[in-house]
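The chain below stands alone and is given as structure tokens, in the form predicted alone.
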Amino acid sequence: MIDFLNAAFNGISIGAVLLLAALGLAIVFGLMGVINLAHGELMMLGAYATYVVQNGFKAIGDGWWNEIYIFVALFAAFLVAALAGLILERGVVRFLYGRPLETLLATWGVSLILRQFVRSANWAIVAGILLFCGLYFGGAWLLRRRPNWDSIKNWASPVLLVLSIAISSTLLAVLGRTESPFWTREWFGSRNVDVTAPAWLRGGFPFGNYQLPYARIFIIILTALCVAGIYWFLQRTKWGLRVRSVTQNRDMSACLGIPTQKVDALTFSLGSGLAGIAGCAITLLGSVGPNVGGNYIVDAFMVVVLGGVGKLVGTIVAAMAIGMLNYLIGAGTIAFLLQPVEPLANFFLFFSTTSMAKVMVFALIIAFLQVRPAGMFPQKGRSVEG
């Protein structure tokens, strides 16, 4: 019984990590219909925000504050990822609503840019980006104030874009050739970085011959709080009602005076912020690097699709089911339980590794979707007809 309960805890902890990673994606993909392949990179930004906050607290010196930095890091990770999501939605995604393939390609390109930015980020690159944003967006704001803007915008915008890129690239080249390490030293590089958990999150709770890691217990509690917060937001707040209204019928919501563009930006930012919280949580499980988001994006999409697009309850059930199956198959628990039936035991024993367990779970999901293509909890009503 203790062995089974330990296996169940490990499965739930894996499911909690998957749910935390998929929760933001369930909002963006499920409620907005946007295939955001940069979701994993938003998790990566949250992880690196946690790393920066940790180093900032360490720089202050030893003290009790190093035991509570994780709460500041959660807030910082949410803000950084939400701001990145807002920029992504306003700069790219809002032009591609209703075109899922274009959205997929655009966000995939953004994910590659974010990975490379983390690998080579330094003050010179940041200065060049800030100069470009100031020149282009500031210049566009000034030009829109001109009375003849409508007649010159067809050629003024491209010219402004080219000039802004040229000037900022020149500054970047000049700073990159300086001998000062302040401008050229990379912040993170391509190597993985480690985040040290606070002392109260190290170790585990004794349970028979096993230990239940405090870090995973913390992630389970954090996931439960995030789910409760999202449910409260969607069901009990004015903006949550607007989000659900736009999801059901965008045209009718606009006719009723709901600012659909603001709802889109808020929803995308919220989903991105949850990805940042997930990134903060996964730093407690191991080192993180530029490619850490890619380890979770496929599983997160499987959770959303299996649970039913746009269904929060389905996302929870699917995450727990996939987490439990991954662990029970990969750890050989199912093969052990089926020992009396030798052919079945040998079959599951073949899949009793982490990688092979993912293959079997993926095959089971495909088989399930053949029977229920809309997932465990399919949508009903006008949203399906649209």
Partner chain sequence: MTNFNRRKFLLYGSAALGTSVLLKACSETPTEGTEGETTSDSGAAASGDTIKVGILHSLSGTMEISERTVVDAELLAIEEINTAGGVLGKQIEPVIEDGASDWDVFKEKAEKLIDQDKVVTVFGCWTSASRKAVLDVFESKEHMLWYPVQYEGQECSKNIFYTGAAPNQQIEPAVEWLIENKSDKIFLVGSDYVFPRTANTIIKEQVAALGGEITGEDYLPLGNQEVTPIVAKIQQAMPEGGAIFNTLNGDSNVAFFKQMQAAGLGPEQYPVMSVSVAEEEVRQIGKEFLLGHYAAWNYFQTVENPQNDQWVTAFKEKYGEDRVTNDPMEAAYIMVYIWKQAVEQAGTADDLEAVRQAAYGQTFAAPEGEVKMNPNHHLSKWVRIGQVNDDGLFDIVYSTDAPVDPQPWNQYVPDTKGFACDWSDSEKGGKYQMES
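Residue numbers count along the first chain shown, from 1. Every value quoted in this text rests on a predicted model; they were computed, and no experiment measured them.
One more form of this protein, predicted together with the partner chain, exists but is not displayed; see below.
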In the predicted bound form, segment of 133-141, 201-209, 95-103, 266-274 with a heavy atom within 4.5 Å of the partner chain: 201-209
Contact label in the predicted bound form: residue 194 to the partner chain, heavy atom within 4.5 Å: yes
Close approach of residue 170 to the partner chain in the predicted bound form, 4.5 Å, heavy atom: yes
Contact flag, residue 296 vs the partner chain in the predicted bound form, heavy atom cut 4.5 Å: yes
Contact of residue 339 with the partner chain in the predicted bound form (heavy atom, 4.5 Å): no
Contact residue in the predicted bound form, from 120, 260, 287, 248 (heavy atom within 4.5 Å of the partner chain): 287
Position in contact with the partner chain when the complex is considered in the predicted bound form, options 255, 162, 228, 113, heavy atoms within 4.5 Å: 162
Partner contacts in the predicted bound form for 231-261 (non-hydrogen atom within 4.5 angstroms of the partner chain): none
